[in-house]
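Let's start with one chain on its own, the form predicted on its own, as structure tokens.
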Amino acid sequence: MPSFEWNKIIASVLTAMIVAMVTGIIASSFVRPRHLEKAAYLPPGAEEGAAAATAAAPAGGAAAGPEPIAPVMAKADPKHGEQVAKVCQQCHTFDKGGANKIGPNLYGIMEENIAAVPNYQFSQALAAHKSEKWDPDKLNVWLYKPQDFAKGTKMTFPGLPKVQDRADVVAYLESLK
């Protein structure tokens, strides 16, 4: 093939690349992405939690934090916590030495540093808390609304609105040692 033909082929490819680049620049000036106001994906079973959390929101619009967990920890039931935590199994494992999934393995995280599970890439929002340790109070806030604990976390779970459910899950996590 003569060199003139190669020149035409190369010029065509370069022209196509330039047109694609210019089209992308123009398109990005027209389309501005926005953050979603509510999660686009909820794990199975989390819909009830999202609906209850929305219904429990105060009418004045002020964000209320979770109820204190200490009073209900005395009657916390790890077996019920295991049942409540089944909704988490789509993204997490709870077995000793279990593999990380979309989320990290949660075996033995109580009293461990936050964002310290080996071989898991945590979001910057959660990694900012890595000098702190998980305790019942921090888990209470996390399980109530993960986005309130670490704004910008990768976890899209809407949270557990019932304080007894959160206490039961904390008791279940404490039992995993």
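Not measured: the values here are computed from a predicted model. So that there is no doubt, residue numbering starts at 1 and follows the sequence shown.
A second form of this protein, the form predicted in complex with heme C (HEC), is not displayed here; the remarks below concern that form.
Chemist: Taking heavy atoms only, is L160 within 4.5 angstroms of heme C (HEC) in the model of the complex?
Modeler: Yes, L160 is a contact residue.
Chemist: Whether I102 contacts heme C (HEC) in the model of the complex should be assessed with a 4.5 Å heavy atom distance threshold; does it?
Modeler: Contact with heme C (HEC), yes.
Chemist: Counting only non-hydrogen atoms and a 4.5 angstroms cut-off, does A167 reach heme C (HEC) in the model of the complex?
Modeler: Result no; A167 lies far from heme C (HEC) in the model of the complex.
Chemist: How about I114 - does it come within 4.5 Å of heme C (HEC) in the model of the complex, if we only consider non-hydrogen atoms?
Modeler: Yes, I114 lies within 4.5 Å of heme C (HEC) in the model of the complex.
Chemist: If you apply a 4.5 angstroms heavy atom cut-off, which residues in 70-87 are near heme C (HEC) in the model of the complex?
Modeler: The stretch touches the partner through V87 alone.
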